[in-house]
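Take a look at this single chain in structure tokens; it is the form predicted on its own.
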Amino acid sequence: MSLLKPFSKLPGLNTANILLVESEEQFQQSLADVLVEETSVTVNVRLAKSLPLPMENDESRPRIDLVVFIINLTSELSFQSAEASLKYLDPGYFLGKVCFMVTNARNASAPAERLDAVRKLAASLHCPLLFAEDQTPDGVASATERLLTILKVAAGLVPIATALYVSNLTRCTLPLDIDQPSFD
């Protein structure tokens, strides 16, 4: 079990590689199906339940340009799995090559504390936090479009833009009063 490193392999020509990490695999497959339909760039999608990735096929694995942690807010296991997987990423990934995608944020059964915990995690790592609707095809298409924009920059396919620059523009920030108790 070793760290996943962003610059240990050479990039492919006009190719972007994305790793979707979700412990429950509900949204992961539908997102992957839409991502590979992209025609302007060759998108390779890798799926994982958690990190670390197996060592068996490490040599044949392409360079991963973007790691996306998909967190279902209605599941504590989903958040814990994403949090535990972070330690298997090289610090170089946190320079614009990691983002968090949250599903079921509108669900009434999702505790507000878990959303706050995800926001704090994304803000502490200076990573973008995206919200996605996983129940409708339009929601999946919208999430895919946002991910493709970040992926193309992270893979170096957009001239003049760097992953670190886009990460600074889209990173999650916390309001100053998030740690203050609410009085409602």
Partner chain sequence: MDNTVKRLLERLVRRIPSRMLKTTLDKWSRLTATQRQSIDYTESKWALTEKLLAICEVFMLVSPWFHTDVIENPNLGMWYAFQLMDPQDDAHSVELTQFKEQFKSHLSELIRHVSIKIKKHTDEAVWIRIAWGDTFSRPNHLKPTYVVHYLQTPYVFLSSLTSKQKPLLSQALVLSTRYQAIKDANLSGRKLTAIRDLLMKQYLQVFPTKFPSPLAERNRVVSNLHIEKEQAGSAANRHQMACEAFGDGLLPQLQSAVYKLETKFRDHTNKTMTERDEAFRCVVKFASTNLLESLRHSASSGVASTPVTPLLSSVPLKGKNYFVITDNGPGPSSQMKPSQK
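All figures in this text were calculated on a predicted structure; none of them were measured in a lab. Numbering follows the first chain given and starts at 1.
Just so it is clear, the following notes concern the form predicted in complex with its partner chain, a form of the same protein that is not shown.
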Open item on the list: Each of L19, R46 and N57 having a non-hydrogen atom within 4.5 Å of its partner chain in the predicted bound form: is that the case here?
Closed with: yes
TODO: Spot the stretch among 155 to 163, 57 to 65, 122 to 130, 139 to 147 with residues whose non-hydrogen atoms come within 4.5 Å of its partner chain in the predicted bound form.
DONE: 57 to 65
Open item on the list: Residue-level question: is D116 within 4.5 Å of its partner chain in the predicted bound form, judged on heavy atoms?
Closed with: no
Open item on the list: in the predicted bound form, is there a heavy atom of its partner chain that lies within 4.5 Å of any heavy atom of S50, even though the partner is absent here?
Closed with: yes
Open item on the list: Can you tell me whether Q135 touches its partner chain? I mean in the predicted bound form, with a 4.5 angstroms heavy atom cut-off.
Closed with: no
- [ ] Give, in sequence order, every residue of 10 to 38 that has a heavy atom within 4.5 Å of its partner chain in the predicted bound form, or say none if there are no such residues.
- [x] L19, E25, Q29, A32, D33, V36
